[in-house]
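Next up: just one chain, as structure tokens, the form predicted alone.
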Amino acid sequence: MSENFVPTNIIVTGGCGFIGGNFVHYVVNNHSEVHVTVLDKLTYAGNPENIAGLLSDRMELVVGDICDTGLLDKLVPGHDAIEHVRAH
């Protein structure tokens, strides 16, 4: 018997980039049970306009660096999954 993993709270790193933004839109628009936390440093590839217009009760933007362990210690608990799509 197999069980399907169905997350309800996810973090998307690089969610303000082109690919990340499209992924965030897809999740918010197609999976009403999922809340998305976008973690983005907003450097050259990140633009908050890529996630503009999404419902704030389904998505939030946290401006920060994935190398900031203090931030991650606060942010990660309570989330089911992390989708890592940040620019390299």
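Counting begins at 1, following the sequence as shown. In this text, all values refer to a predicted model and were calculated from it rather than measured experimentally.
There is another form of the same protein, the form predicted in complex with a small molecule; it is not shown, and what comes next is about it.
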Though only this chain appears here, would C16 touch the small molecule in the predicted bound form if you measure heavy atom gaps against 4.5 Å? yes
Taking any heavy atom pair closer than or equal to 4.5 Å as contact, tell me whether N29 reaches the small molecule in the predicted bound form. no
When the contact criterion is heavy atoms within 4.5 Å, does A52 count as touching the small molecule in the predicted bound form? no
Flag I66 as yes or no: does it have a non-hydrogen atom within 4.5 angstroms of any non-hydrogen atom of the small molecule in the predicted bound form? yes
